[in-house]
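So this first bit is one chain, no partners, the form predicted on its own, shown in structure tokens.
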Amino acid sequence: MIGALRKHFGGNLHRLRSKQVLRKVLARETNFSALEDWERSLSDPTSYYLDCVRYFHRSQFPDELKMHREYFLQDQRGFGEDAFHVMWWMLFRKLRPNQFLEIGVYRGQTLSLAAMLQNDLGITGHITGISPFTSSGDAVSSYRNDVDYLADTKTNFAHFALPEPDLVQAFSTDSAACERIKEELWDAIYIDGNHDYEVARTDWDLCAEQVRTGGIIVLDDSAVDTAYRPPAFATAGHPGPSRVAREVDQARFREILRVGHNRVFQRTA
């Protein structure tokens, strides 16, 4: 009982602290030109991340994307951080990916955002998600067991009047998932599945072969051992994906953007 109370009050104090820190961050001005310098995201990742947070809350950022984020914050439909909506918006504006793949869908926040961005920017393509669509977790994550994740993802797409995506119900290491990934060359892949090193590394190795030259892989939760220092309302990620990021073959990939614990690697060869 005492432990539960401590956890409850500790969580409330953390939320209060996070709101206070966010208010201080938003008190400073920023503009989109501050975000166009992607090199700064690598040399000064904390400052760049905070500019992304500020821009999300500015009037210039599309209201439709703000409402999308707000929808997924309700009823624990999604995780992530406000700044990530800015990151995806920038990536789709600049790189215009046609074939988009996400590993680890949860309830469809990023997958539906990708579909929305393709629609808004007039990008012809398709959206594919690979996920067990169950409450299966890993060493650092646990999920609700009272949700039909597959049906819920479809419902969330329908909420935004988006066409139903190509969904593969499987773990990323299952043969069905591996075969689907190998079916084509992808323009953009988001690895956000199992956070254990062995699985995250396996996901990377396969995706590194299947992303086209010039395409990108976004590796989630991978900034633990970087210069990024997250504010109270954010996180640097987890050890497993961060180790994978350290091991990326720099002869074949270069990091082009970093927003919080999301790191973007572009295939060069």
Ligand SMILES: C[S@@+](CC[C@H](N)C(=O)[O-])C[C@H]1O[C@@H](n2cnc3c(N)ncnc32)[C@H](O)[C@@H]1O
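Sequential numbering from 1, following the sequence displayed. Remember, it's a predicted structure, so these values are computed and weren't measured experimentally.
Just so it is clear, the following notes concern the form predicted together with this ligand, a form of the same protein that is not shown.
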query	finding
F79, F171 and N194 each touching this ligand in the model of the complex (heavy atom, 4.5 Å)	yes
Contact assignment for this ligand in the model of the complex, among Y143, Y71, F92, F160, heavy atom within 4.5 Å	Y143
Among the candidates V199, L117, I181, A188, the residue which, in the model of the complex, approaches this ligand to within 4.5 Å (heavy atoms)	V199
Touches this ligand in the model of the complex: I103 (any heavy atom, 4.5 Å)	yes
Any non-hydrogen atom of S136 within 4.5 angstroms of this ligand in the model of the complex	yes
Q109: touches this ligand in the model of the complex, heavy atom cutoff 4.5 angstroms	yes
Proximity of T128 to this ligand in the model of the complex, heavy atoms at 4.5 Å	no
